[in-house]
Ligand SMILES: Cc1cc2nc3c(=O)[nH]c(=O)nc-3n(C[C@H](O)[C@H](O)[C@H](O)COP(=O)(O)O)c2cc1C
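A single chain comes next, written as structure tokens; it is the form predicted alone.
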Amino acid sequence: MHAPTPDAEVLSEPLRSRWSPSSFDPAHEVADGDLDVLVQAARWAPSRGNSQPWVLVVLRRGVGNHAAWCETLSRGNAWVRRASAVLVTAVRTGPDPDAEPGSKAAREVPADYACYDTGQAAAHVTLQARAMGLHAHQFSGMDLDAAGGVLGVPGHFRVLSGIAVGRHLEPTEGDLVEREDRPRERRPTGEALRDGAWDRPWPSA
């Protein structure tokens, strides 16, 4: 129902079948080995100067800080509680104040592209999850400061987003049915692509 859609069928897997469900199987568990693979996908994402300015905090459903962290979710993101695991992304915003003076960590100032690079790492996780037969849904609907407090994120990092991972479960009632029945849509190519100059739309538009 969700993939492929018109224009998406030209893409390669797992791009073609990737979508962001909001209904996850609350009985499904992601194996530690699979979580390791997802983290490796982020680790090998490109970043400016190989700076890798991100840290992922992995939360397994019902384990450790998961319940307390769930209290930071916005009302519209209550569905995240049912995901098998959540990877919370944090981006470095400054040097480590506790690092040894003169060390790289003490001198390191994040590049302007730190958030961009962290987004690339999150995208790699999303695609790797789909390649493994899982689904992932990136989201930002949480109290970022409260989430950072629950997870003990240090002051030279800030929470940026979350990635819910698990196995899709077809919803049968409620808001999730309406949410997942919405057609997948994207802006026309002509709005997002230019041919050499801003005032020249891409020819296929």
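Nothing here was measured: the structure is a model prediction, and the numbers come from that model. In case it trips you up, residue 1 is the first one in the sequence shown, and so on.
Below, we turn to the form predicted together with the named molecule, even though it does not appear here.
A.B. asks: Taking 28, 61 and 65 together, does each of them reach the named molecule in the model of the complex with some heavy atom inside 4.5 Å?
C.D. replies: Judged in the model of the complex, none of 28, 61 and 65 sits within 4.5 Å of the named molecule.
A.B. asks: Counting any heavy atom within 4.5 Å as contact, can you tell me which stretch out of 51-59, 163-171, 38-46, 137-145 lines the named molecule in the model of the complex?
C.D. replies: One stretch meets the cut-off, namely 137-145.
A.B. asks: Does residue 184 make contact with the named molecule in the model of the complex, using a 4.5 Å heavy atom cut-off?
C.D. replies: Yes, contact at 4.5 Å.
A.B. asks: Does any heavy atom of residue 77 come within 4.5 Å of a heavy atom of the named molecule in the model of the complex?
C.D. replies: Residue-level check for residue 77: yes, a contact with the named molecule.
A.B. asks: Hey, in the model of the complex, is residue 179 touching the named molecule, heavy atoms inside 4.5 Å?
C.D. replies: Yes, residue 179 lies within 4.5 Å of the named molecule in the model of the complex.
A.B. asks: Mark residue 18 yes when one of its heavy atoms lies within 4.5 Å of a heavy atom of the named molecule in the model of the complex, and no otherwise.
C.D. replies: Taking the distances in the model of the complex, the answer for residue 18 is yes, it comes within 4.5 Å of the named molecule.
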